[in-house]
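This document opens with one chain alone, in structure tokens, the form predicted on its own.
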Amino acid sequence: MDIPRIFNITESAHRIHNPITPEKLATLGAALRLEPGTRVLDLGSGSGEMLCTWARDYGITGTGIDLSQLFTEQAKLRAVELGVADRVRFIHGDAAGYVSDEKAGVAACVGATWIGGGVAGTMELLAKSLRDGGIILIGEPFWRQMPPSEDVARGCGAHAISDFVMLGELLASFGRLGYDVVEMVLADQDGWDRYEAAKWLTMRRWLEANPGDEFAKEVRAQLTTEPERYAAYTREYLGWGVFALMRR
């Protein structure tokens, strides 16, 4: 049970597996007005930076579930490093369908809404673990500007233009699902740069250390094409944000 190997390679040096910076992650925690002892559930928790830093800075407790064995181990090490291993725990497993036995004050899926088949399904899943009056966090892409063609959308990593909507439409869609949008923190281009460009040095170092690996050809191809693709497409057209939602 694991994510595709390419992600374990390209993002192995990442602490945050999306374009939110550490500063914006802290801003999000402050914006939610987290109280000590608040329980946070994070489905698709990656390397655990959100839970670990919020436990350190705001006194939350929580559980993270992630399909990557590597990222889960990194999360456990990060919890020890920050002195919060007694407050957060990380489970290597499939977050799809996961429902917590203990209700959470915040239930999050920040950048992995495929676990519920999309935004609506993921919100429905998170709601099963949420206490009354709690907050759902959804991390999701949107179009900063509408791609002029399907080829441009595919260059951004989408299958089609219809995969994402503009920011206003995304916010409206939460309302149609019966939720108020009560906060949001949006990535900027600097955040995208840090998320995407950091992969390139990781790939180069991996290639130098693993020249005979059967996967080296795929990593080399990605390193060769990614900088130009990112600059031409993702950086210009794709936005990303974390949205805090409360049931009406």
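Numbering starts at 1 and follows the sequence shown. Quick caveat: nothing in here was measured; it's all calculated off a predicted structure.
Omitted here: the form predicted in complex with a small molecule. The next part is about that form.
Peer 1: Using a 4.5 Å cut on heavy atoms, which of 34, 203, 55, 65 is close to the small molecule in the model of the complex?
Peer 2: Checking each option against the small molecule in the model of the complex, the one that comes within 4.5 Å is 65.
Peer 1: Only one of 155, 147, 134, 111 comes within 4.5 Å of the small molecule in the model of the complex by heavy atoms, so just point that one out.
Peer 2: Among 155, 147, 134, 111, a heavy atom within 4.5 Å of the small molecule in the model of the complex occurs only for 111.
Peer 1: At 4.5 Å between heavy atoms, only one of the stretches 203 to 211, 216 to 224, 186 to 194, 43 to 51 reaches the small molecule in the model of the complex; which one is it?
Peer 2: It is the stretch 43 to 51.
Peer 1: So, residue 115 and the small molecule: in the model of the complex, are they within 4.5 Å at any heavy atom pair?
Peer 2: Residue-level check for residue 115: yes, a contact with the small molecule.
Peer 1: In the model of the complex, does residue 18 come within 4.5 Å of the small molecule, counting heavy atoms only?
Peer 2: Yes, residue 18 sits close enough to the small molecule in the model of the complex that at least one of its heavy atoms falls within 4.5 Å.
Peer 1: Given that the partner is absent here, does residue 104 sit within 4.5 Å of the small molecule in the model of the complex, heavy atoms only?
Peer 2: It does not: once the small molecule is placed as it appears in the model of the complex, residue 104 has no heavy atom within 4.5 Å of it.
Peer 1: Counting only non-hydrogen atoms and a 4.5 angstroms cut-off, does residue 71 reach the small molecule in the model of the complex?
Peer 2: Contact check for residue 71: yes, within 4.5 Å of the small molecule in the model of the complex.
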